[in-house]
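The chain below stands alone, shown as structure tokens; this is the form predicted on its own.
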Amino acid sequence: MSATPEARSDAVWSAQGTTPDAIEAALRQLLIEVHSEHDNYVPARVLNMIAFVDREWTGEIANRLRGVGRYHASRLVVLAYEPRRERLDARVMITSEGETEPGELALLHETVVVELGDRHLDDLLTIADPLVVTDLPTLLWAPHGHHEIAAELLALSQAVLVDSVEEPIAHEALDRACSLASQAYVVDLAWLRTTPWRERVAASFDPPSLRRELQTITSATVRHHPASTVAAMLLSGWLASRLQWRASPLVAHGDALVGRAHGSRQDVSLRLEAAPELLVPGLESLTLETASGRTLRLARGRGGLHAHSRDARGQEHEWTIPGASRGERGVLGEGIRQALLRDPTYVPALKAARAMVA
């Protein structure tokens, strides 16, 4: 797995029937050799990433990680799981980001792929521990489930990457995210996909003359891909947590979940509605209405988010926010970057979203 399309492979090592100590020694030796040949090449030392994946899908994971650009981890450790595998095989690759000018430093990124089976799971920490760089934060990602195995690897991790929309049952997805948040910093791709929507809502009500209208919102309607109910709940949970609404469980009504939240001035009508015409996962639109008659509607569209507002006097405005969507590669890259940051708004939004599920 190369870090970016422009990355160049500077050193490769592989072995069959190897050990964690031999892999770690090979890593050190490769770094020494690369540095001795190019003294301006230095290892990046920012973030470890452990990815526990099904071996048959390592190519797909490689493609996803290849597109994250400058946000790739300094050292990526891929634990490629194949249930009946008896032998521990490994590959180590060190890559640099293209050519450098004289006097410039080039960063080296390391990828370690370890192929393992059921017989190795009892020693998983022993295998992974020597392969992460000491004193660097470590991000854990298990994109194919394996929750029990991921729970064991949390001992080596300070942050965990999840995608709550991939859980088929909403309350289980939210419960798991809540549980993980009590053990590590959670980066939820479902949450990151709502970022443009949250930013635009905040910007729309940022003028001092409009801020007081936030307390007079009477309804919030979110339309979403049928598989993205959790994303809609997280966006609604963000509104509830930031505006101090007390959410109640939503109930099914056809293809929608409906209910109420209790604000400081009045109740707020909540509606999460499936949009089967939406061909890609995510949100289709958000509509907010206030007691004064002001309406704000954001909708996914060609070129970005399409915004429509109507004030209390009935005056309407429409505009497009270009580049609002970063695509799945951009979302994954931002997820890796977020492992080094701390977003204080996610957990309150998560808890508020969980309160919406009976």
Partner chain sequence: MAVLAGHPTGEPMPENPLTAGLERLPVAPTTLVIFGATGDLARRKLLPALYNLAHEGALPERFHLVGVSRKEKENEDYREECEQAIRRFSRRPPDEDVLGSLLENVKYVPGTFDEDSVYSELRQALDDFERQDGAPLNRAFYLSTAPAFFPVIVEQLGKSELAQHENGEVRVIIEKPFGTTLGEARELNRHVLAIFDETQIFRIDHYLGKETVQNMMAFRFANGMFEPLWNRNYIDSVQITAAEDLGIGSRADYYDSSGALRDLIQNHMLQLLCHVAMEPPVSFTAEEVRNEKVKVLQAIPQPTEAEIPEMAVHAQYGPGHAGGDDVPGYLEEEGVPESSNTETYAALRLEVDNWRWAGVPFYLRTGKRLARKITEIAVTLKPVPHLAFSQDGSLGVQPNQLVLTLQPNEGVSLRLGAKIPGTRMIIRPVNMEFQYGTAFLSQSPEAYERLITDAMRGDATLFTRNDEVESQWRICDPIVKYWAHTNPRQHGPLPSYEAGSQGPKEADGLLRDGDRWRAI
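Note that this is a predicted model, so its numbers are computed, not measured. Note that the rigid core is defined as the largest set of C-alphas that superpose within 1.5 Å between two forms. Numbering follows the first chain given and starts at 1.
Here the subject shifts to the form predicted in complex with the partner chain, a form of this protein not shown in this document.
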## Note on the structure
For the partner chain in the predicted bound form, the stretch among 202-210, 165-173, 117-125, 226-234 with residues bearing a heavy atom within 4.5 Å is 202-210
### Message
Check H317 for me: does it contact the partner chain in the predicted bound form (non-hydrogen atoms, 4.5 angstroms)?
### Response
yes
### Task
Flag G303 as yes or no: does it have a non-hydrogen atom within 4.5 angstroms of any non-hydrogen atom of the partner chain in the predicted bound form?
yes
### Query
Contact between E24 and the partner chain in the predicted bound form at 4.5 Å, heavy atoms?
no
### Query
Closest heavy atom of R70 to the partner chain in the predicted bound form, within 4.5 Å or not?
yes
### Query
Only one of R198, R91, H144, R260 has a non-hydrogen atom within 4.5 angstroms of the partner chain in the predicted bound form; which is it?
R198
### Heavy atom within 4.5 Å of the partner chain in the predicted bound form - residue from S179, Q215, S248, S269
Q215
### Task
Could you check whether the CA atom of R302 moves 2 Å or more between the shown form and the other one, using the rigid core for the fit?
yes
